[in-house]
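Single chain ahead, by itself, as structure tokens, in the form predicted on its own.
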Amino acid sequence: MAERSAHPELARLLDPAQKNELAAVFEDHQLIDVLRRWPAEWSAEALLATVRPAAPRLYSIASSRKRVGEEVHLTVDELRYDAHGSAHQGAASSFLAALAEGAPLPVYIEANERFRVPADASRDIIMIGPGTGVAPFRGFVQERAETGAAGRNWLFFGARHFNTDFLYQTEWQDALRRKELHRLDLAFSRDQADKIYVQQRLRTRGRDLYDWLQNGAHLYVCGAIGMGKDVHAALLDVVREHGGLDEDGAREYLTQLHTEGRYGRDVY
């Protein structure tokens, strides 16, 4: 782009000394934003030859075959640009949403051996999955219910609004009634003046959360990278406060959980 547009600002951004400013551009610019901000002459062929191929979009399986049979369920959230461009739609999600019912689609399965329900069905599990990050936990709860797992299931779910974004609301309510889900903590960030996120719920439930971990519970986190970092920080706070540990001790505690296969993270 710098070469074709000959724009001095873009050339300046490519100076290694400007790496922080360039990183800020990468943070909030899509390709179309760059093309609009620094116009240049491109043919379609030249542009396609320059950009990298689209990476595969991996979706978590949101169902258990033991309950749904020969199907695979996905959780797909299609976002669209508003007037201010504050939301976007993913290429794969918008493609799926536009498919006609019954249209064929090639897919493949990529195994994730470190993100599965515990082999010991008596273990409790704690699932943290805001937004579409809740997808694998729908499958987890179905699987544990169908196999008669004795361990308890605790879900933390968060989204913007209760009325429009509470994914699988009625299923979770039914699961609570059937004792397939034993605890459910919710955080809807935009339904009140002060934003509330799942990491705040983790801190509020810290005593019980730590007790579950001490009794052998497995911990799972699924969702956006930024959320994963915030949740990890909250977990460190919980372990530090309720385990009587210093900062290094709290980090070692979570590292040990991961080493034991009891702290699974699927963040993207």
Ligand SMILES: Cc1cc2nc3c(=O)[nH]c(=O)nc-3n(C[C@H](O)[C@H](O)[C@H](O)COP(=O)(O)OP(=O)(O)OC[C@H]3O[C@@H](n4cnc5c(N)ncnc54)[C@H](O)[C@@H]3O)c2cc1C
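Only the largest set of C-alpha atoms that superpose within 1.5 Å between the two forms is called the rigid core. Residues carry their position along the shown sequence, with the first being 1. Since this is a predicted model, take the numbers as computed values, not measurements.
Not pictured, yet referred to below: the form predicted in complex with the ligand.
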Exactly one of Leu31, Leu58, Val51, Ala46 has a non-hydrogen atom within 4.5 Å of the ligand in the predicted complex; which residue is it? Leu58
Of the options Val72, Ala92, Leu176, Ala121, which one has a non-hydrogen atom that comes within 4.5 Å of the ligand in the predicted complex? Ala92
If you check in the predicted complex, do Leu79, Ala135 and Asp266 all have a non-hydrogen atom within 4.5 Å of the ligand? yes
Go through 127 to 135, 146 to 154, 99 to 107, 180 to 188 and give me the stretch that gets within 4.5 Å of the ligand in the predicted complex, heavy atoms only. 127 to 135
Following rigid core alignment, is the displacement of the Leu58 C-alpha between this form and the one not shown equal to or greater than 2 angstroms? no
